[in-house]
Ligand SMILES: Cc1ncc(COP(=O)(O)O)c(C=O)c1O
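So this first bit is one chain, no partners, the form predicted on its own, shown in structure tokens.
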Amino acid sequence: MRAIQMVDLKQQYLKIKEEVDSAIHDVIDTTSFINGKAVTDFAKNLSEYLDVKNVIPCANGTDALQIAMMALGFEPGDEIITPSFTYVATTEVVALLRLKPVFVEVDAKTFCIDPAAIEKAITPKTKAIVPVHLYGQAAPMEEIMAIAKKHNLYVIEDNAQATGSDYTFKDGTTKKTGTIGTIGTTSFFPSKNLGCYGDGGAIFTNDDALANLLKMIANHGQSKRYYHELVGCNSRLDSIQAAILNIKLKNLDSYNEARRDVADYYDKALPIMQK
């Protein structure tokens, strides 16, 4: 029996092998392994693709969530609403920062957070909502943003499984998931629809002042070398991974379409799953 992989990374690589190999060699030739041109180019290209003002690359998706929460100035004991059905990283960083995760139920049809459950979970200690766009399906952002506005809460989107997904508002306009809330985060783990060949992540925001703070936190709390204005961390996307992501970004729409085709095939082959 042949094992069926969730993502066939070998076949995916073979289709872009020449470009990827050349890009990796270019980075090695320049020896700009940290914060090199490939990283700058990728941040710019991803920003244009997502139509978001600022993209801050970082070391992984978990760091992206942690840096986002550090930038928003939460205090120990503050409550963060998260879905009960998600990967551990979504709430792992809440615990690491000594915040309190408040788990709420998800919609049984989409597996994304239920806005009605969010409303019921809000207390005076609630500071943020962390919707997760799971399996490429967008959380109900229009309703979530309305709740956040009503209660003066931040929204941190966990977009690790949905890079490239569109959210359609009631008026017919669309935005890419990860660009709607206060801050968006993502992971470039190899199995993601936009994945590198190691670890990687990124943070998105349309707020320039917040973007500068996020950049500082990701780089040891410094905006100028050796001038550390606050406590940060060391979380950078290396140039080789950025070079690979620059190539894969050009193919992202086709990767997403291929995933939808496979999902459609399973829906037809396994109609019981639709009940």
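Source: prediction; values computed, not measured. Throughout, we count residues from 1 along the sequence that is shown.
We do not show the form predicted together with this ligand, though everything after this point is about it.
Might Ser187 be said to contact this ligand in the model of the complex, defining contact as any heavy atom within 4.5 Å?
-> Residue-level check for Ser187: yes, a contact with this ligand.
Spell out, yes or no, whether the shortest heavy atom distance between Ala71 and this ligand in the model of the complex is within 4.5 Å.
-> Close contact is absent here: in the model of the complex, Ala71 is far from this ligand, nothing within 4.5 Å, heavy atoms only.
Within a 4.5 Å heavy atom cut-off, is Lys176 in contact with this ligand in the model of the complex?
-> Flag for Lys176 set to no.
Answer for Lys127 alone: is it within 4.5 Å of this ligand in the model of the complex, judged on heavy atom distances?
-> No - in the model of the complex, heavy atoms of Lys127 and this ligand never come within 4.5 Å of each other.
Considering this ligand in the model of the complex, find the one stretch among 54-62, 204-212, 39-47, 230-238 with heavy atoms no farther than 4.5 Å from it.
-> That would be stretch 54-62.
Which of Tyr87, Tyr197, Phe111, Phe103 has a heavy atom within 4.5 Å of this ligand in the model of the complex?
-> None of the others qualify; the residue that does is Tyr87.
Heavy atom within 4.5 Å of this ligand in the model of the complex: which of Ile118, Ile80, Ile156, Ala160?
-> Only one listed residue qualifies here, and that residue is Ala160.
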